[in-house]
Each structure stands twice: as structure tokens, then as C-alpha cells.
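The form predicted on its own is given below as one chain in C-alpha cells.
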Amino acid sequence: MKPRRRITLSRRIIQLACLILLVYGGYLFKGRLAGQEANVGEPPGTGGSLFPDLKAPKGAMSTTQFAPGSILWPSGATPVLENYPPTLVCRFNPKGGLFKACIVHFFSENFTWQTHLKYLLPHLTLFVLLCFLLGRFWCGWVCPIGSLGDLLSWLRRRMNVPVRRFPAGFRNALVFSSYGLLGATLGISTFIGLPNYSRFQCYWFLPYCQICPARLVCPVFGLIKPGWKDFTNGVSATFTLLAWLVLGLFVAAFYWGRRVWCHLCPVGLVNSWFNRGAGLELHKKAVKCNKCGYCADACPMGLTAMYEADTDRKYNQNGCIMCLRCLEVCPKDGCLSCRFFGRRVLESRY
């Protein structure tokens, strides 16, 4: 039996539309960009917006201080919206950037700047609201890096390269590693924000951004050369080598596996904290399940809890990216369903 592909087709269209919007959407609002550049040293919140501009205090490091070609040179212009959506939006994107950056950049930068909580709350409130509405749906349907990964997986299939089946223990280890990566990023960012250690900001500013594959990939969409290398000192050389290594792992993870990188991504990790209790839910009616295993086989995240559940239950596992492949391939009418705040949106059909 060949499963229906309507959900997958819809997801691909939305992924392409979101990729274009997030990477090039700023070009639609060029007139609004004039005069919005944040000046270092000015207090936050001077933009007169509901969402204040978050700026580096006097004497603190900012991406605007890096020369073109440096590892943290922001190739993009000032974004249209000073917001941080629950998807990977790179600060180093082309000039058409619609949003400021990802949530990890938000935390890292402002921990270093020691920005007052009152300026952070509007941004955090919007981020949490969007996460509670859709959970990790943002990872499966919106994230540009996830979409590029799915493209690599498609190329693998076209080249008849067999998919690698990674065991659950390996995927769980990646999740624990993502906690370590996020913790190290925030720890370093906080440490260099202390007055006695601010001299290290020129080396350790935005530590995760320096190795994130999006920093190297996103500028390419705007035909802008990213900061591929910086060997001016030992720290920058180490970050350069780590960036190449992580980019290689990113490509290999999507090429040989399916969404393996998403277990390690710190942005996806933060989103996963809101999966349980989010408005978007997956439900299983166990009495209709014949244990065919299609859902477990189709899951790009390698999750099996849906298949193993023997009772009617709500399924919002942290790792689930809400791609709805399980619902698409399920051969039993009404066995699996997707609901939004309790209202059924889609259900499995033979």
C-alpha cells in the first residue's frame, strides 16, 4: 500500500514559503529599514516599539564591531522585526532578513550584555506564546535549516543511498549533548558579561553562533560570503575548526539519516520544552491500532512511543516535530488524529 502524500506535499509547500519569507522577506519592507540601525551604547527600548530594540551597553561587544569577513561579521542588514521566533532564524542571514535571530542568540547576547528583564519580557512573552500554540511544529514545518536537511534527505533517496537507522540510545545521547551545548553557551555568555572578565568578549562572544551551521549556510542564499575562517588567535582558530566540523556533521546527519541533527539543535531543544501542553496535539485511539509499525518507520525523529502506546492517549513527546508523517501513513481510519486545542483538524484515513 502506498500512503497518501497530501500532508507531505502541504508541508513541502509551507517549508519553501517559510524559507523564502524568513530569508528574503525583508526585501518586501525595505522602506521600513531606514534609520532603524541600533546604535551601540544607547539604552535598550529606544525604538518606540512594543518590542524594544536590544542593544549592547557602552563598552560591551556587539556584532557590529566585527569587520567584514570575520567569524562574527553579520552579513545581513537590520531586520524588519526585532523579534525572535521559535525557529532557527540566523543573525548572519542575507540583507533580506525578516526577524532578528534565533532564541539561543537572544539568550547568549543578552546574558553577556546583562540586559534588564523588563526589556526582555516582551520578546520572551511572544516566543512562549508561539511555542505554546504549536510546540515543535516550528521545527517540522518552518525552520529553514530543517528544510535544507529534508532536501539533503531527498537527494539521498534520489541517489538510492540507504538510510542509516540510528538506535534510540544514540538519539537520546544527542539530546543530552544538546543540553550540554546550550548550557555551555549560556554559561560562557554569562561569564564574559561579568565586569572582571569582559576583556574576553572579543574572543568568546556568541559562542554557539561561532560554530552553528546556519552561520555558514544562510549567507549563501544571499550570495554573500560568510566568515569561513579566522585564525588570528588560538580561540578564533578553534572556533573556525569546530564550525567546519559541525557543518560536516550537519550535512552527514541529514544525508545518511533523517532529522538526526534536530536532536542536537539547541533551538529545537528550547522548543521541545513546550511540546507537552501545546495547543497542537497528536492523539491515538489504541483500539483501532493493528500494530503495523508504519508510524514508527515513517517518523523522521526515530520515535516509537506512538507505535508502542496500548491505551488511548495524547502524544506530545518532546522530540516530536509535528511533521504528521505518522498520521499520513497510518492505514486505520481515525486511529491517529491531530487536534488544535481539542478540536480535530486531521485524522488518519485508509
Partner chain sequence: MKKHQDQGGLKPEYASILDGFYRGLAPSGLSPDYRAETEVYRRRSRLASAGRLYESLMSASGVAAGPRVGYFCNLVPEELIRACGAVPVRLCELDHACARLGEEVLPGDACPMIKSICGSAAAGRYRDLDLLVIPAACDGKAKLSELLAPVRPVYLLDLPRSSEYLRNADAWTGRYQDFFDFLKERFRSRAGRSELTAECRRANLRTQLFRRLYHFRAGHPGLINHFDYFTLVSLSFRLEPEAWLDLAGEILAEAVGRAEGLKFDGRRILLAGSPIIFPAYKVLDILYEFNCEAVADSLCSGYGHLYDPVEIDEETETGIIRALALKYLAASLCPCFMGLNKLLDLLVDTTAEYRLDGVIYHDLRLCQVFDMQTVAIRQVLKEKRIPFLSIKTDLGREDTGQLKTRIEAFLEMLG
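Residue numbers count along the first chain shown, from 1. Just so we're clear, the structure is a prediction, and the values are computed from it rather than from any experiment.
Keep in mind that the form predicted in complex with the partner chain is missing from the display, and what follows is about it.
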Practice task
Check whether residue 28 has any heavy atom within 4.5 Å of a heavy atom of the partner chain in the model of the complex, and answer yes or no.
Solution key: no
Practice task
Indicate whether residue 194 is a 4.5 Å heavy atom neighbour of the partner chain in the model of the complex.
Solution key: no
Handout entry: Contact label in the model of the complex: residue 163 to the partner chain, heavy atom within 4.5 Å
Key = yes
Practice task
Using the partner position in the model of the complex, report whether residue 18 sits within 4.5 Å of the partner chain, counting heavy atoms only.
Solution key: no
Handout entry: Option from 151-159, 133-141, 260-268, 245-253 whose residues, in the model of the complex, bring a heavy atom within 4.5 Å of the partner chain
Key = 151-159
Exercise for the section: Let me know which residues along 299-329 have a heavy atom within 4.5 Å of the partner chain in the model of the complex, or say none if there are none. Expected result: 304, 307, 308, 325, 329
